[in-house]
Structures are given as C-alpha cells and as structure tokens.
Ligand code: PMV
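Let's start with one chain on its own, the form predicted alone, as structure tokens.
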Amino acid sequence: MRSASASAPGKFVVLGEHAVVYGKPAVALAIDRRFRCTVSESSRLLLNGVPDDLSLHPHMSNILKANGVGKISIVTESDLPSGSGLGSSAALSAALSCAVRTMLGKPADEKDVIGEAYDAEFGAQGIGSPMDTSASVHGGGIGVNIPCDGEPLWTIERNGNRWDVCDVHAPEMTFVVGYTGIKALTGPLVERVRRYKDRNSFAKDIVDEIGSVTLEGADALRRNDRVKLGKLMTADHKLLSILGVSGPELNRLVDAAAEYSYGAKLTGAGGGGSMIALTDRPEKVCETIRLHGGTPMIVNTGVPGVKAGKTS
C-alpha cells in the first residue's frame, strides 16, 4: 500500500495583505508552526480515520480532484489554529498536494506544488492572491511584486492580476504573534474589501497607499532597519483599519504591544485572527498580550517550505 507524508509552514504577513489581491506588493515570512499530513491508499475516503464528506473541506477536495484521486486516507496534524491569520489553509493545501503527488510518484518540487496549492486556495475562497501559498511552499521569506535580486521564483496570473513572487532573505528579527482567539474566514473579508474598493475611490487610494508602504518596508527589511520597518507596520495597520478589516480585539492587542515594540499590526485577513509585533523585548510583549486577552507566540522565521517524506 502506497503512503506518503509532507508538511508545510504557516506564515505571517509583514506588509501588504488585502492590497496584494489587486497586484500590489506584499512581504510574508514562513514560521516554525507547521501543518502535517500523511496520505495512503484506501478502499474508501477517510479523514483522520473517519469516513467524511470532502464537500465540507474544499481545499482538500480541490487537491484530490486535481490528482484524480477519490478513495484515500488522509491523516492531519496542525500547529496552526484555523482562521488565525497564520496561513493554515495554505499550509494544508501545500502539504496535501506534496503528499498526494509524492504518493502517486509525481514530481513534487516547489514549482509543481505551487500552482496546485494556489488553485485549491482560490477554488475554496473564490478570491485571493498566491501570497500565502507561496510562503508555505517556498518557506523563508517571499516578496510579491517587489524588486527582485534575481529572477522570480514563479509568476502567476489570474483575473487580470499578475504576481511575481521572489525570495526575500530576512535578517534575524524577533516577532511575537498575538492570537485573538476569534476565527475569521478569509474569503468573506477579502470580498468585503473588494466591494468597498469597487464602489469607493477612497478605498482604492488606501489600497494604493498600502502598496507604497510595503515597498518602503521591503527595503527596510533588507537593510535590517527595525525602526523604519516597525513604523511602516504600524502605518499599515492604520490603513487596514480604514479598510474595515481590523476590530476591537485586534486593536487592543496592537495598542498593548506598541509600548514594547518597534511596530505592530494585524496579519492576514483580519476580522479577528492574529496580530504581530516586531520587538527586542518578546517576553514583555507576550506578557502584555496575555494581559489583554490574547494568546502570545514567539515565532521563528527562516524555516523550510513544503517538505515531503515517504512513510512507507
């Protein structure tokens, strides 16, 4: 019986979420929290040992359909809370694609997995950029539509938007994630911003400004300028708040972390989920996040992307 396993990291967005959907720049870093899955041949469809209806799991369904697989056993394990803004669905899509392809004897390197994983994300949400899946597949750091030192890792086009994805070497920095405990679905939040942008030129200007802030931030990240990067992160949070994707819980954690950080902001789609803080005082940031109702995590970056390993 053929079997294979794979894992992929979650991520946080340093700058550029929501605006990246419209081809604007973004920067994301993979983190040391992973989604793992093992797949094996089966006489029926099983999810974690139980017969299941994959119509309830569109990311998985899209991956299996892309590979012509119906009957399979899937066992999952995740360090990433769903709806936390840390890329859990992208990590799922990347890991499952890699595992299924490996089990079937198909190529499963980054360029083989990225298109399939992004198609699964887009198919499940109906909207969105390849930023999250690129970070989970490649690992380390990725930039979208920013100046590249070399050739892009890959280019993806959809619905009139183009995303050139390149490797970003991030210097060693300490980030703390603060999870609000509120799960938020990415698709509806992205769609809300789209409607706002389509009917209001002010919202379009905010999206453009997020893109400009991100370009400045990408340069500050490369130069290891924590002060400048932190200020731009805080500015980005204010812009995202204007777009209506923050909320009282996120704002409370961002404001609390600011005293001990270079900067802080929401990360991901918003509406709950998580915030991040760039800091040299991670323990103080963790303490204040905890005091203000959040769950803190000190995260390490510079981690590998999707990895396959046969289990039998």
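Don't overthink the numbering: it's just position in the shown sequence, from 1. Please read all numbers here as calculations on a predicted model, not as lab measurements.
The form predicted in complex with the named molecule exists for this protein as well; it is not shown, and the discussion that follows is about that form.
Visitor: Only one of 166-174, 67-75, 184-192, 212-220 gets a heavy atom within 4.5 Å of the named molecule in the predicted bound form; which is it?
Guide: Looking at the partner contacts, the answer comes out as 184-192.
Visitor: Can you pick the one in Ala269, Leu278, Met60, Leu29 that has a heavy atom within 4.5 Å of the named molecule in the predicted bound form?
Guide: Answer to the contact question: Ala269.
Visitor: Among the candidate residues Ala120, Met131, Leu92, Val100, which is the single one with a non-hydrogen atom no more than 4.5 Å from the named molecule in the predicted bound form?
Guide: The residue from Ala120, Met131, Leu92, Val100 that makes the contact is Met131.
Visitor: Give a yes/no on whether His18 approaches the named molecule to within 4.5 Å in the predicted bound form, heavy atoms considered.
Guide: His18: contacts the named molecule in the predicted bound form.
Visitor: Given that the named molecule is not shown alongside this chain, does Leu86 nevertheless sit within 4.5 Å of it in the predicted bound form, heavy atom to heavy atom?
Guide: Yes - in the predicted bound form, heavy atoms of Leu86 and the named molecule come within 4.5 Å of each other.
Visitor: With the named molecule taken in the predicted bound form, which residues across 138-166 come within 4.5 angstroms through any non-hydrogen atom?
Guide: Heavy-atom contacts to the named molecule in the predicted bound form: nothing from 138-166.
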